[in-house]
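In structure tokens, the next block holds one chain alone, the form predicted alone.
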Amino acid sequence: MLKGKVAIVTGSTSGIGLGVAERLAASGADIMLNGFGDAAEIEETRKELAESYSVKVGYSGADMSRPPEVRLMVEDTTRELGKVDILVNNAGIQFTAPVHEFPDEKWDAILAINLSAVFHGIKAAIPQMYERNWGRIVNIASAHGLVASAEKAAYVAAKHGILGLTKVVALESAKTGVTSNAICPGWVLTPLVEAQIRDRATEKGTSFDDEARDLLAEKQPSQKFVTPQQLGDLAVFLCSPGADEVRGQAFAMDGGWTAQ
């Protein structure tokens, strides 16, 4: 379905981003991976995606906290893979603390990567989408783009901001073949979340399964984790002809979290 299209997926060397990149590649899109990690492991991932789905796969080590590097990533993708049709803004970081104790530098870092990088990526990529009258912008927000939790001031502010930006871009592009939408995941069993659960289990002397259940019980009524592959399948739908008139929407995939 996406054969001949080129997608950038930020923060795609693991977790949600990798799941999205894999599903887009499975649908025929060429992929530009982005993110940090062990160079050899990233190269192995790149080769595996390319060979498994017979698509072109590149890699950009652009730091999403640096606007010039975000712009360069778009330029490099255009040069290496020919164009940018799909931009999936997924890269993000987290830090928790009460507002009055929240470090200034953590606030700045989270806003830079989780929100400002989305703006800079869209600004750099959308002109060529307009030229071809086709493009898909998929912003990975969060359930925290729809509701709040204590001690997550910067993350919640950034994710709410992503939804606002998504709507503005959707309105500006409404008479074109370019669409802008957001996906709002609940708890996803990524390597980062797995590590958090293992730490909780170690601290409390409990099992991984017990802590996973407790974590889900706090927010997610289904008591099941969302998977990166499920989020990837939703991203593929948003890139499909069936979603041509889906514009400025926030799709919650959160096991019922925001239905409460």
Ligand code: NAD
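We number the residues from 1 along the sequence you see. On a predicted model such as this, the values are computed, not experimentally measured, just so you know.
The same protein has a further form, the form predicted together with ligand NAD, not shown here; the description that follows concerns it.
- Scanning V147, V188, L163, A153 against ligand NAD in the predicted bound form with a 4.5 Å heavy atom cut-off leaves one residue, V188.
- Proximity to ligand NAD in the predicted bound form, defined as a heavy atom within 4.5 Å, singles out one entry of V178, L81, A91, V74, which is A91.
- Heavy atoms of S14 reach within 4.5 Å of ligand NAD in the predicted bound form, making it an interface residue.
- Using a 4.5 angstroms threshold between heavy atoms, A157 stays clear of ligand NAD in the predicted bound form.
- At the 4.5 Å threshold, heavy atoms of G35 reach ligand NAD in the predicted bound form.
- The shortest heavy atom separation between I86 and ligand NAD in the predicted bound form exceeds 4.5 Å.
- Annotated contact segment (heavy atom within 4.5 Å of ligand NAD in the predicted bound form): 59 to 67, selected among 59 to 67, 43 to 51, 22 to 30, 202 to 210.
- Contacts with ligand NAD in the predicted bound form, taken as any heavy atom within 4.5 Å, map within 126 to 147 to I140, A141, S142.
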